[in-house]
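Form predicted on its own, single chain, as structure tokens, below.
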Amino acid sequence: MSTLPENKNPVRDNAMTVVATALLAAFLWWAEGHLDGYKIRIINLIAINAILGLSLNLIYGMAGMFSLGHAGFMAIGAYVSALLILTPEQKTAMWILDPIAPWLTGIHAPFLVSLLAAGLLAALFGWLVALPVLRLGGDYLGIATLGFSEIIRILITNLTPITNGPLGLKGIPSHTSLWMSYGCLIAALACVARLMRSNFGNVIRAVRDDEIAAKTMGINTYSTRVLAFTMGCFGGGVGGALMGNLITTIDPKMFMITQTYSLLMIIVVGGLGSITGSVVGSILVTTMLEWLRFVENPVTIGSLEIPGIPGMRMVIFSVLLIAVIIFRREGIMGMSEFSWDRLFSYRNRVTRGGGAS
């Protein structure tokens, strides 16, 4: 007889994971050949926002640190990746306000190398921010990261020899395909899931739930928080790089505080502390924000013409977000995760209930 708990079937779970991955791959292959560029961009944005939401959820939901600086880490990642993959000819032609820094002209790297560099540099800045601020405790991290995000944006605007200033970077090679964005998402999900199942994941939860008790047990809460924050910043840098390569043009105005607010909406809707919730929240928020664009366009009903109201989609979405917070304050997934065990257990309960009736 099996010693596994009821519904615990690793062979079945692995097989279901392989099937689900194959179905996703089939959908991406079909989408590339049958969907227009706009729909493909939305599907790409879902994956990129899921990566960004997951990285912020690691900081806020899983480690309990309120951060408002993710837009700054996205900006670092986007600019680092773009500067590495732009050709010397593009760089020379693009810098018109001031000449480009000579050492920057000859730097060129493959896209995957630029992704790694974007994540590492964002993580380095995150580490430098976390080292002094996390010693203070409380809500200082939120204030400090908000200030950091604005500092990064102002530096990008003024460091013209490096960033091309307010003109931004245009003509960035578009390497963010469906396969690239969803490959990065699957890798991010696998890494975070493995991390949270490890002993370090248990330590992160312990620090989040009761820092005093964690200190009593001998846990170095300061080092744990610094490491968790740094890893979250790495994801922010990678997500920013993917975003920049998808849009193919970036400028400082793209990385306002509203970017961070959008990511907060994703993890609040999906569920703070839930890996699955980051994906669910990304799907809902990204698609709803695009679908609601119709309320900003003029509508003609017979002889009646209703003018579009700019910004109305954000008003409607904010109302929906408030409704989620009121009626489902823990988010759609709460702190729970999707699993094949949970799915089959639910199916078995439904089957037994149907049979009994």
Partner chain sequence: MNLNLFMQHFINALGLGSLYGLIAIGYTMVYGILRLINFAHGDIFMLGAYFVFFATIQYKLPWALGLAIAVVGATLCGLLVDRIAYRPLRDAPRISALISAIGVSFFIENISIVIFSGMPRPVVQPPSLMQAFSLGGVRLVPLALMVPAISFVLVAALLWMVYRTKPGLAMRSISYDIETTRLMGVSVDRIIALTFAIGSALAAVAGIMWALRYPRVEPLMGIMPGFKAFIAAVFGGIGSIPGAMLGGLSLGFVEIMSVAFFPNLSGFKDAFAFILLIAILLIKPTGLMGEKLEDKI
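Residue numbers count along the first chain shown, from 1. Owing to the predicted nature of the structure, the values given are computational and were not obtained by experimental measurement.
This next part talks about the form predicted together with the partner chain, which is not shown.
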Handout entry: Complete contact of I143, G147 and L321 with the partner chain in the model of the complex (any heavy atom, 4.5 Å)
Key = yes
Exercise for the section: Answer with one of I325, L28, L35, L292: the residue that has a non-hydrogen atom within 4.5 Å of the partner chain in the model of the complex. Expected result: I325
Completion exercise
With the partner omitted here, the residue among N199, T87, N158, S174 that in the model of the complex has a heavy atom within 4.5 Å of the partner chain is N158
Problem - in the model of the complex, W127 touching the partner chain (heavy atom, 4.5 Å) - result: no
Practice task
State yes or no: in the model of the complex, is some non-hydrogen atom of A190 no more than 4.5 angstroms from a non-hydrogen atom of the partner chain?
Solution key: no
Exercise for the section: Would you check, heavy atoms only and a 4.5 Å threshold, whether L136 touches the partner chain in the model of the complex? Expected result: yes
Handout entry: 4.5 Å heavy atom contact, T216 to the partner chain in the model of the complex
Key = no
Completion exercise
With a 4.5 Å heavy atom cut-off to the partner chain in the model of the complex, the contacting stretch among 280-288, 226-234, 182-190, 260-268 is 260-268
Practice task
Between 310-331 and the partner chain in the model of the complex, list the residues on our side with a heavy atom within 4.5 Å.
Solution key: P310, G311, M312, M314, V315, F317, S318, V319, L321, I322, I325, I326, R329
